[in-house]
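As a starting point, one isolated chain is supplied in structure tokens, in the form predicted alone.
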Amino acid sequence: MKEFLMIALGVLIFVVVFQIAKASEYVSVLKGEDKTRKQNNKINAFMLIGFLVFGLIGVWYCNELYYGKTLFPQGSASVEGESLDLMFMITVAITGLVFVLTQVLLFWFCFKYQEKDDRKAFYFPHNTKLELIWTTVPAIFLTVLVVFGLKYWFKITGDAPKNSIVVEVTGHQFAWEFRYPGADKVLGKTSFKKYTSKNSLGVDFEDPASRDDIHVNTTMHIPVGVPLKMVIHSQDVIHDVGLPHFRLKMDAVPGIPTTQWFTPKITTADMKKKTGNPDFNFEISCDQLCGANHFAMRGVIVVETMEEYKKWLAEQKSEYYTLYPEKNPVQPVVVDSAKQISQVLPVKK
């Protein structure tokens, strides 16, 4: 209801201004163009100051209204994301200060230097010193921000720590699939030629390293406090692994594996308590428009303790033995129930 009233108020102000403008045209005909122009100049100058005041109030109000609904009050869910949040806040502070300063000067100058009979316009074609100042100063600030951005970018896309857990992330229209290395801690090879309806990731099972790999859909499990390296693939079009809670994203490009790594610092269970939302989940989204059902390309990341992660991992079965159970060296023991019962119960004659 509040939003509707704000829109209605905006429309009403527009109508009033429009009517005033139309009335000014009729007045100009009666009073003469020169006198009316000077009056309109004065009115426009005061309206510009009003626009400045109400505009800045609107900026403040929108921040108060919507900041709490963003992810920033929750803080970064990864260690590396803290640096990115800091860089973002510094950027907002600098650009926000420049925005307020330039807008105040712009509208104040329009008001102060409005047309008057005793004022003559000053011809100011060029000033080398001024040009150097407003070119050099922004260039220095932008260069510093870019350097810090590149530093963090090279960090999260560079070599992951040796104790990292590796997970392969594969995107396709319109879902995410995940593959974990088994006990050998090595992901087996893949090839598009190996793709079938059953082998949806195109894993090359002739590679011994792939025999113990684990394949899961939609939900990724990772332990808290341990670096996670993501090896990212796409099977069709360009997708983008978006991790908003961890402050990271990386393109998934067909035929070109990409990587990024981060260290989760809070579990899903603790985040549910922190946000007061029992249904909270860390999300992996597609941040690149990829087709008609792009909106549905969503996965879930469960961050848990190392004990919970090891327990979940132990419950998973390798994809190779799921597809080819007859090749599993550990075959389940089949018990003949009828024979077992006959050995326990006496046979009546």
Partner chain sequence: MSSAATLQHADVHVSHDAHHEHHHHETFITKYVFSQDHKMIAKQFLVTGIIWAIIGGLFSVIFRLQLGYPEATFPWLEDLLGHWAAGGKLKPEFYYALVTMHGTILVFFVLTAGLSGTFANFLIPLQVGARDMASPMLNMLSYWFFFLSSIIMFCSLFIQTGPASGGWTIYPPLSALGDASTGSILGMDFWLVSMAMFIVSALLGGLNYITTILNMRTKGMSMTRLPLTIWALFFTAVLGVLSFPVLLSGAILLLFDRNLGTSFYLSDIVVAGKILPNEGGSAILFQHLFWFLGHPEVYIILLPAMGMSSEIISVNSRKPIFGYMAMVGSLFAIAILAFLVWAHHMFVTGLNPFLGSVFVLLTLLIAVPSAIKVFNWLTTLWRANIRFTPGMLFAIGFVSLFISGGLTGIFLGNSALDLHLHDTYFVVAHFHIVMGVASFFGMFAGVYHWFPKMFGRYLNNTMAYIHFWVTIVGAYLIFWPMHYQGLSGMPRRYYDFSSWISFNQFSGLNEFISFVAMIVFAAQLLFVFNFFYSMFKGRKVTDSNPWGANTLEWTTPINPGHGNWPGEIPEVHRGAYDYAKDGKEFIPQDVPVGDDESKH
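Positions refer to the first chain, counted from 1. Between two forms, the rigid core is defined as the largest C-alpha subset superposing within 1.5 Å. Only a predicted model underlies this, so the values are computations on that prediction, with no experimental measurement involved.
From this point on, the text means the form predicted in complex with the partner chain, which you will not see here.
Distance criterion of 4.5 Å from any heavy atom to the partner chain in the predicted bound form singles out Ala292 from the list Ala292, Ala314, Met306, Val53. Listed stretches are 223-231, 209-217, 110-118, 179-187; the contact stretch with the partner chain in the predicted bound form is 110-118, by a heavy atom cutoff of 4.5 Å. When the partner chain is considered in the predicted bound form, Met297 lines it closely, a heavy atom lying within 4.5 Å. Although the partner is absent from this view, Asp236 contacts the partner chain in the predicted bound form, with a non-hydrogen atom inside 4.5 angstroms.
Mapping the unseen interface onto this chain, Asp240 counts among the residues with a heavy atom inside 4.5 Å of the partner chain in the predicted bound form. Mapping the unseen interface onto this chain, Lys35 falls outside it, with no heavy atom inside 4.5 Å of the partner chain in the predicted bound form. Shown here without the partner chain, the chain has Phe192, Lys193, Tyr195 in 175-206 lying with a heavy atom within 4.5 Å of that partner in the predicted bound form. Remark: with the core as the superposition reference, the CA shift of Trp134 between this form and the one not shown reaches 2 Å or more. Relative to the superposed core, Phe192 undergoes a Cα shift smaller than 2 Å between this form and the one not shown.
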